[in-house]
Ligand code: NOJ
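Below you will find one chain, with nothing else, as structure tokens; this is the form predicted alone, and questions on how it binds or moves follow later.
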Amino acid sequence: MTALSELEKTSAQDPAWWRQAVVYQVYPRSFADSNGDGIGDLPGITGKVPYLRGLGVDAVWLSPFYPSALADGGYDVDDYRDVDPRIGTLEQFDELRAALHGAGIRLIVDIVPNHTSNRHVWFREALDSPPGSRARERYIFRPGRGEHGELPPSDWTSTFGGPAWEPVGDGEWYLHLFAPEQPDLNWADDEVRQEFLTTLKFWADRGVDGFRIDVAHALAKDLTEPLASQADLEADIWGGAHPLEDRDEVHDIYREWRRLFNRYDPPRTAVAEAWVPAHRRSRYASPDGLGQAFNFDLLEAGWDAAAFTGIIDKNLALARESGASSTWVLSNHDVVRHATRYALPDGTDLAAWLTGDGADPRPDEARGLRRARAATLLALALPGSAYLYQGEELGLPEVADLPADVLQDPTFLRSGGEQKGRDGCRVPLPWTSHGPTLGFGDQLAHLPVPADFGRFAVEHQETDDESTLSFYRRALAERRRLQTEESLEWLASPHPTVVAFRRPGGWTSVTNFGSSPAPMPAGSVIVSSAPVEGREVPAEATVWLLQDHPHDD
């Protein structure tokens, strides 16, 4: 038995594995295409398990792989207990899970409970049934206003633009907080609750280690008449009683889920995607709830020492309050990649910048990558879980100049082209330096891979000790070796642009947010985001140091 298999064996029953795990998000359609149809698939991911093992991640979070018309990148689910045939089969899912587990890597899958697709068997039945029928109770149907129901029940707008209500031709309308192809479920209905418990059990029984819960804050809704106006929904007047978001009763659902998760050994984990005020986040992460919730604060922070320090302090306090561990995220499938965010001036309107094809302002790519590596190393030094998004380990930038005829994001379609959407961070990964898709597959990819992505290719980087990929591998290996207790001690710094803290075991992280080098504390350099010369922390860089004579922590 190999050392890593032994590691998997000895850690298999560790119920706290997730608390300081490094989780790597795979967006399946853009990871690796094994059959040349232009769409990434499960066998493609299985073939890259050695790559993931070499990277040093603890778990893979698999974005939706279910049957879907792709109205929203797979988040419009036709069947929650199957695999999209373009991506694979249930048997190939089992092979992927076995390969990951054999490499000591756990598997987290995306669950999309706020809405189904409009092709789901339940919704087709609802459309074929009359108003007031049992089939329509599983969703949120309401009679329209006006003499013949020709007006929507309210003036609500959807997240992707346009009305949040869609008519069905018989005087009723259904609610969709996202695209019309994503009708919202009615979570006051017992059948809906039982169906998702069955789905969670289906995947947990199949060996899945945890779940990422999409739009976790929006399941419970109160549509008592009269319905609020859109202006009222956008006003900060609800205090935990918003009709559509972050209602207190949503936690009744997650307590029921937690009872199911805890029947497994070790208990299945879950992490909430809950875009809620920070003081409300801890309820989603409570031990009798999902157990962990995403902290997206760093996604919205500028390159600023005080901002980072405040975010870290606040979220560590929230983690202590909930009994969970914090989560640290710099990129994912919904936001501009952080190597590009940091390449732009602070305060840049990213939506407007994308709409302009990224031409104004022109990103400073070298600065962006320098800052991205520094921010990554800082985040990896923090207690809690780190969530990485595929391709960030290659330093991939956002692809801002995708032509309109290839864009797939409903944000682009629903806004009439006024907003470009999220396709620029979902471009397939470059595995080789040459070829029509740079090693993603044999044919053209579902989103075009820029020719200049060849310089970021895995093939090119894995033989370069100074590459971003090599940097990530070193950082993750050292993190695994050093990470122990979930605490840190802030260190005083004479420079307001320097953020420094010590972790148990006598190692220190120092980040220089400034534009000139800063004095380096005592200790031996373990890993750095930029080359170190002498006893200075380079500008826009992070350095980890090991004390020569650590005191007892």
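Keep in mind that this is a model prediction, so the values were computed, not measured. Numbers follow the displayed sequence, beginning with 1.
There is another form of this protein, the form predicted together with this ligand, and it is not shown here; the text below is about that form.
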task = Just give me the single entry in D334, D232, D364, D442 that has a non-hydrogen atom within 4.5 angstroms of this ligand in the predicted complex.
result = D334
note = Checked Y342, F160, Y80, F123 for heavy atoms within 4.5 Å of this ligand in the predicted complex; positive is F160
Contact flag, D214 vs this ligand in the predicted complex, heavy atom cut 4.5 Å = yes
key: E392, heavy atom within 4.5 angstroms of this ligand in the predicted complex   = no
ask   = Does this ligand come within 4.5 Å of any heavy atom of H338 in the predicted complex?
value = no
query = Going by a heavy atom distance of 4.5 Å, is H115 a contact of this ligand in the predicted complex?
reply = yes
request  = Select, from the options 432-440, 459-467, 308-316, 177-185, the stretch whose residues sit within 4.5 angstroms of this ligand in the predicted complex by heavy atom distance.
outcome  = 177-185
query = Counting only heavy atoms, which residues in 411-450 are within 4.5 Å of this ligand in the predicted complex?
reply = R422, R426
